[in-house]
Ligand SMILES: C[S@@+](CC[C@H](N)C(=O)[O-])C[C@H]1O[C@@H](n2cnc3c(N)ncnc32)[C@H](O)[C@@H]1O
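Shown here is one chain on its own, the form predicted on its own, set out as structure tokens.
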Amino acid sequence: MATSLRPYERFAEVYDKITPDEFYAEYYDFILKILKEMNYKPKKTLDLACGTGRLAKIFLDEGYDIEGLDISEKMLEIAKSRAKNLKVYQSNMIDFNLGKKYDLIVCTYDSINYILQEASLQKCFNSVSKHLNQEGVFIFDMNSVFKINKVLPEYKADYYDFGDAELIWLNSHSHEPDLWIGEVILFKKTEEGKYERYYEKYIERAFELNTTKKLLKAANFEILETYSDFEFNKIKKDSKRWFFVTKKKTN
């Protein structure tokens, strides 16, 4: 048995087989709708927590100048193989420092929820602000408090068979509120026909809406809009995914 010391290392090998391409296309389409609504055309974009680069690849194919950042070396290897012209950086999203600025930074697929402490979330927003040009735009989504506390606990387990690998995804809800735990057990077939076992664990935290807004304002962001569930709808108590559209204030 082997245990991955860092999430999204071994799991990166089968990650793209779980989520359909349409999901990332939906993200791209919604972000594009937001930018059109704002009449905003960014020249340079950063995909924060870009994973295997599927969203960044769509942006590239549509003519956008986009770069990616992720903490997982394996994820970035796949991103580079997917999009040869994609420049990527390996770093965490809390206190990254690239020494450059962007017009647009996006962070999707509830990546922000992997930040577990309020102080760390503040550092993340501060880092994003530091990497944006004046009046640059930051668009991101989060799993809501309702989804993490009420929806995700209903999904106990999933099983995937990829032929040369099998995966079991276990969901659990800790005794502490606002925390969701995902555990992945991956069985990968070796050249000898045997299976190796790998284990990875993920934790997401839900932040209250007002807390998130407070931290954004402290990082010098103006909150332009908040939406829910890939629609231009206001956030409600049972909204599952929150979207934030923010702009860096002029000093």
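Worth saying up front: this structure is predicted, and the values here are computed from it rather than measured. Residue numbers run from 1 along the displayed sequence.
Although it is not shown, the form predicted together with the named molecule is what the next lines describe.
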So, a 4.5 angstroms cut-off on heavy atom distances: do all three of V145, F207 and F243 pass it with respect to the named molecule in the predicted complex? no
Quick one: of I58, A219, A49, L186, which gets a non-hydrogen atom within 4.5 angstroms of the named molecule in the predicted complex? A49
S129 within 4.5 Å of the named molecule in the predicted complex, heavy atoms: no
Would Y227 count as touching the named molecule in the predicted complex under a 4.5 Å heavy atom rule? no
So in the predicted complex, is the named molecule close enough to L170 to count as touching (4.5 Å, heavy atoms)? no
Check whether Q122 has any heavy atom within 4.5 Å of a heavy atom of the named molecule in the predicted complex, and answer yes or no. no
Based on heavy atom distances of at most 4.5 Å to the named molecule in the predicted complex, which listed stretch, 70 to 78, 132 to 140, 155 to 163, 97 to 105, is the contact stretch? 70 to 78
Does any residue in 14 to 44 get within 4.5 Å of the named molecule in the predicted complex, counting heavy atoms only, and if so which ones? Y15, Y24
